[in-house]
Ligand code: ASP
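One chain follows as structure tokens, the form predicted alone.
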Amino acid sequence: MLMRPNIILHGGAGRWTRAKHVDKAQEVVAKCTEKGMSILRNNGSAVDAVVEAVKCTEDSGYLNAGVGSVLDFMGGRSLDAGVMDGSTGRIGAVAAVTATRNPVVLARIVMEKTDHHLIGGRGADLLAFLNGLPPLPPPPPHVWERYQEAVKKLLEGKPEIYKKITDFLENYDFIRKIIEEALDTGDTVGAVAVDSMGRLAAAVSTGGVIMKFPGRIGDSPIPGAGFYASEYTACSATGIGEKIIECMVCKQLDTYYRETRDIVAAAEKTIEYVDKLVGENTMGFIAVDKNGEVVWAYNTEAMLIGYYEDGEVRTTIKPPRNKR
């Protein structure tokens, strides 16, 4: 029996109040949601749909993934991504990628062409090179502007922090406060889908946290945290990666769904669990179940999502919380 295919995509949870490219980010999310849905309409797989949708956002340069990835404390970039096929349970993820344009495509290669789940650093970039993936181009001008703004804030507040890398961890709370005040978008990307055969899949990609300590890896390449898919649900999370890992939020949603058999109830229970465990203003997530029902929940001020309603793509920065 053919099922009702569906897809939902997120562009990150956060405040979004000072983002300079909100309109462009929404355009990108709409375009990439449509790209994923067109694959599903043509009987493509859920894996095809989420990978292509996320790849589309990576190529845009306007979200924190792929070309548009933010810079770390030393002005470098390291990218993470993950893919999971709920119909087979297969997983692929990459971490600390520095030379590959589309980490989500590389994560799929890990899933389908290797015996591994997670490959990081130089080895991941080598795998990309061996498979002919395009290299990561230089950051777009607006990415450098965001970095320079953050550096300026640090230098104004406490110059020795930037001059002495050894002080970084000791003064991390100060650095985090400055960054949150200056740059408050959380534009990691992710997509979840169910295809006409009822197969579920999830994908996620990110450049991580701007001004992060070099080598930091967040939730995006961690199955169960930043992404997860089973025969029942598919989920992608966004927010403070360390908090998402502590909650294993996408696996938790799947567990609640198995108990309730209701994706909305499962999402509500999951965000309540998150609030209790790690507090508010920490994350958001999108999910879809095997029946094609999509849901989102978040405890931040806003979350950028793209979804289908009444036969057309809709995007919003502040959707009603905890509802379809």
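Position 1 is the first residue in the sequence shown; the rest follow in order. The shown structure was predicted, so the numbers you read here are calculated from the model rather than taken from an experiment.
The following text describes the form predicted together with aspartic acid (ASP), which does not appear among the structures shown.
Student: Would you mind picking the one in 127, 151, 209, 118 that has a heavy atom within 4.5 Å of aspartic acid (ASP) in the model of the complex?
Tutor: Selected residue: 209.
Student: Only one of 216, 90, 101, 251 comes within 4.5 Å of aspartic acid (ASP) in the model of the complex by heavy atoms, so just point that one out.
Tutor: Checked against the cut-off, the match is 216.
Student: Look at the stretches 131-139, 238-246, 81-89, 193-201 and give the one with heavy atoms within 4.5 Å of aspartic acid (ASP) in the model of the complex.
Tutor: Going by heavy atoms within 4.5 Å, the stretch is 238-246.
Student: Give a yes or no for residue 233: in the model of the complex, does one of its heavy atoms lie within 4.5 Å of a heavy atom belonging to aspartic acid (ASP)?
Tutor: Contact with aspartic acid (ASP), no.
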